[in-house]
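Next up is one chain by itself, shown in structure tokens, the form predicted alone.
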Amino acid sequence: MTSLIDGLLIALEPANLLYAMAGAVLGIVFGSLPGVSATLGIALLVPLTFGFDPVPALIFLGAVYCGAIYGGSISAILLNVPGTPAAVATMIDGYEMTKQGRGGLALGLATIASMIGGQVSALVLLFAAPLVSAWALEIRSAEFFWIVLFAMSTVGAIGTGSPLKGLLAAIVGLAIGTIGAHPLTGEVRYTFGELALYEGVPVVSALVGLFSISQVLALAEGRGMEKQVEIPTVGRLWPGGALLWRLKKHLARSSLIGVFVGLIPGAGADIASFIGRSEAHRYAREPKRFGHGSEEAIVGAEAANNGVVGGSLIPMLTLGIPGNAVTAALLGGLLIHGLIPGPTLFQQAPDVLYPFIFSLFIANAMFALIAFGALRYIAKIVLVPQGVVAPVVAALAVVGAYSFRSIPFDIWIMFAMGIFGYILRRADFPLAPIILGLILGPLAESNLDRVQTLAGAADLSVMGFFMQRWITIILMVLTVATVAFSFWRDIRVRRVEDTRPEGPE
């Protein structure tokens, strides 16, 4: 209780409130710009926080996360262009409402639903994360190794379109994670004599390169906006108490759906938004209105995708396992401030974590206040041409990659990862499994080495050591089942597509 009270008081300090406000504003900007995502925004801003103290740094980045997930709905509703993948489900009915002259109502509902989803997820994070952390203290090296493999299997398979490409990307990330000195023996691997690689590929340079430089190259393919696009008249934003009361069950249900989906590695905000919309359709009074401007569809999608925020932070903070690319970027922010996520983090740094968690409540309230107070002006950001966005992102990326360690070689690492990421984008390979493998690879390797040492001391094979505890066996089964299910699902989808008749019905 003392930690909770102290954390709340620290989060309410004027300076930290300003950090939360600044993060929320920047998050909305990054989220609403087509072609820019929450992951790219945090990847660019993590190096900026290097000179901050840990508390304001995490408050700032957490607010960016909250604001960016919400901001994607602005361009989705007004221009039929989702700012983030999570806003695709919102776009379906949101743009229809804009064409009907109800764009303001759609934006107001998206704002309220996003705030409620975010607050519910932050509440669950506040009380669930310490409990999960206490349970995680009982986990041994064998379990941690298989937890990492399970997380990688879900991110690489379930979280992507092609399970084969997802798993290959995860393997590539794990391979990149082996560069540098061995975590236990100190043996140097794959550095080619370059001193800058002795500690491994820097996470910040890899993040910025994979998500920022590759996106810059993708944006450079386009010509930007050939003509000025007119933003439709927004109109009245506040949806009214009566409508919100009628939608209360959809708001509560989708918020909890988002939290649950956030707990699953690989199932990000985009998946949660479609599940939330689907469940809203199931319980809607007028399901026929879905796809034609349904209020239930808007709140179902937005409450769910913002509910993912708190849920996705639970495994990241308590186990050190980011479930998606955004939390992987946030993990980079923790690492550069000397905070190692895991079971002991809540015991070692409660003075950092509790202010951070309370700041999520503040950030969700901030972006709602900003939206209702200045959305008509913020919405004009969606009109910035991509030809302007690309060089700005590139410049920030170079500064960010260099500022972390002040080593020029890090810039070359960033460009190499960026070109590699661009090639993977063109080949429809996901990028999230690569950065997750880079972060989780050393964790898996160090735990496997401990298992081998313990197995040798007990005169057991590694597999025999794994079979000693039922938790390890369950994790092994879940990992294999996840990979098998993903391939079965892919084969089934392909068969359905092959049997679908071509041409008009």
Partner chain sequence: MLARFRRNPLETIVLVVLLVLGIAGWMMSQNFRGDAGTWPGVIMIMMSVGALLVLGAQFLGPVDETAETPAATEMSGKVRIAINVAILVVYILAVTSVGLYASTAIYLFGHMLYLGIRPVWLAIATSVAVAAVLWMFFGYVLGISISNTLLF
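Only a predicted model underlies this, so the values are computations on that prediction, with no experimental measurement involved. Residue numbers count along the first chain shown, from 1.
What follows is about the form predicted in complex with its partner chain, which we do not show.
> Its partner chain isn't shown here, but in the predicted complex which of 252, 340, 243, 423 has a heavy atom within 4.5 Å of it?
Only one option qualifies, and that one is 423.
> Could you work out which of 476, 448, 455, 29 is the residue within 4.5 angstroms of its partner chain in the predicted complex, going by heavy atoms?
None of the other options qualify; the answer is 448.
> Any chance 48, 178 and 396 all have a heavy atom within 4.5 Å of its partner chain in the predicted complex?
Yes, the whole trio is in contact, each within 4.5 Å by some heavy atom.
> According to a 4.5 angstroms non-hydrogen atom cut-off, is residue 427 in contact with its partner chain in the predicted complex?
Contact check for residue 427: yes, within 4.5 Å of its partner chain in the predicted complex.
> Flag residue 402 as yes or no: does it have a non-hydrogen atom within 4.5 angstroms of any non-hydrogen atom of its partner chain in the predicted complex?
Contact with its partner chain, yes.
> Looking at the partner-bound form in the predicted complex, is residue 188 within 4.5 Å of its partner chain by any heavy atom?
It does: once its partner chain is placed as it appears in the predicted complex, residue 188 has a heavy atom within 4.5 Å of it.
> Please tell me whether any heavy atom belonging to residue 408 falls inside 4.5 Å of a heavy atom of its partner chain, as the geometry stands in the predicted complex.
Residue 408: yes, in contact with its partner chain in the predicted complex.
> To test your reading of this chain, name the stretch in 361-369, 120-128, 427-435, 325-333 whose heavy atoms come within 4.5 Å of its partner chain in the predicted complex.
In the other structure, the partner sits against 427-435.
> Any residue of 163-188 with a heavy atom within 4.5 Å of its partner chain in the predicted complex counts; write them all down in order.
Read in sequence order, the residues that approach its partner chain (within 4.5 Å, in the predicted complex) are 164, 165, 168, 171, 172, 174, 175, 178, 182, 185, 187, 188.
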